[in-house]
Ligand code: R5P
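We begin with a single chain expressed as C-alpha cells, specifically the form predicted on its own.
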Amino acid sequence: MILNLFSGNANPELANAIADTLALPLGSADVHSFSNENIFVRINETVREHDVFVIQTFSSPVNTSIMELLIMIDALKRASAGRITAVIPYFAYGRTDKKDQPRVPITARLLANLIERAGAHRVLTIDLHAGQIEGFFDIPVDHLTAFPLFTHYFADRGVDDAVVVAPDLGTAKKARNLAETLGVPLAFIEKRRPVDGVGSEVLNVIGDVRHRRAILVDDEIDTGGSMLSAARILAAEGVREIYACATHGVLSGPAVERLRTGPFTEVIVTDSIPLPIEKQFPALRTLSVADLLAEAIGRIHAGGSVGAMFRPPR
C-alpha cells in the first residue's frame, strides 16, 4: 500500500517535521471550522487502498482537536482508505481512566470507543497517563515512550551525581526505568495526611538527595503544582540543582509562572504539544518526538516491530 500522511490543525509543526524525516509530503486536506463552529474536512487527493496516518495531538482547544481527528478519520474511511492509523502524540482525558467515585464517567474509554467507531484501524501514541488505556481499545495500539530522549539529553549533558525523583508514587515506575537507564539512584516524594487528619498534605523525601542533582520525572506537566511542591521540598533537603522533565508540556493555568519562578535549573518537555511563545520561558527546553514517531510510522507501514525500537542492543 502507498503511505500517506495527513495532519489536523493541532500541531502542524510536528506533522511537518515527521513528514520531513520520512521524506514525504503531507497530504492535501481542508480542515477548518465554519462560523457556527462546525468542523469541515475534505481530503483533496485519492487515498483508495492507501496506508494513511493522521497526525493529530489532543492539545488546546482539546475538544476541537478531538473532533477534527474523528471527522478526518470518517472522511478517509468514506474515501476508501485501506488502513487508517490515528497518530495521537498526546492523548487527552488520560486522567479519567477509572470510575473512582460515584456517578462519574470513564472518559478515556469513551474517547477510545469514538476513535474506533470513526473508523481507525490502529492508534500510535506516546506516554499515556495510565497504561491501562491501551486496553480500552479493541484495535492495535502502539504505545511509545519519549523517555529515551531524556536519557540521551542528560547523558549528553553529563549531569553527574544525579538522582531521579518521582514527584508522587504514581510515577514511581517511570522514574525507576529512567534511573536504571541512567545508572543513578532513585528517590520518591511521599505525600501523606498528618496523623491528626488536620491540615494539608505533608511531603517527605524517601531516598538520599542531599547535595545531588535531582531529576523530577512525570508523563505530563499540567498546572505544575505537583512539580513545584516536589521541587520546593527537594530544595529544602539541600539538592544542588533541580531538573523537571515530562513528555507532555500541557502547561495550563498557572503552570508557566510556577515553573518560571520555581527553583528549577531546567524544565524539559517534548513537542508532543505545541508551545506558543507565551508559554515559553528561559529555563524551558523542548525535545522533538518527530524522529521517534517517524520511525514508528515507517515500521508500522513496513510491517516491522515497533517494540524493537526500545530494546537495548545486544
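The first residue of the shown sequence is 1; numbering continues from there. None of these values were measured; they are calculated from a predicted model.
Heads up, the form predicted together with this ligand isn't pictured, but that's what we're talking about next.
- Not displayed here, this ligand is approached by Gly225 to within 4.5 Å at the level of heavy atoms in the predicted complex.
- Contact annotation for Asp168: at least one heavy atom lies within 4.5 Å of this ligand in the predicted complex.
- Proximity of Arg212 to this ligand in the predicted complex: non-hydrogen atoms within 4.5 Å are absent; the residue sits far from the partner.
- Using a 4.5 Å cutoff between non-hydrogen atoms, Asp142 does not count as a contact of this ligand in the predicted complex.
- For the candidate set Arg95, Arg78, Arg117, His152, a heavy atom within 4.5 Å of this ligand in the predicted complex is found for exactly one residue, namely Arg95.
- This chain appears without its partner; in the predicted complex, the one residue of Glu134, Glu241, Glu220, Asp74 with a heavy atom within 4.5 Å of this ligand is Glu220.
- The stretch that touches this ligand in the predicted complex, counting heavy atoms within 4.5 Å, is 212-220, out of 79-87, 181-189, 103-111, 212-220.
- In the predicted complex, this ligand lies within 4.5 angstroms of a heavy atom of only one residue of 120-135, namely His129.
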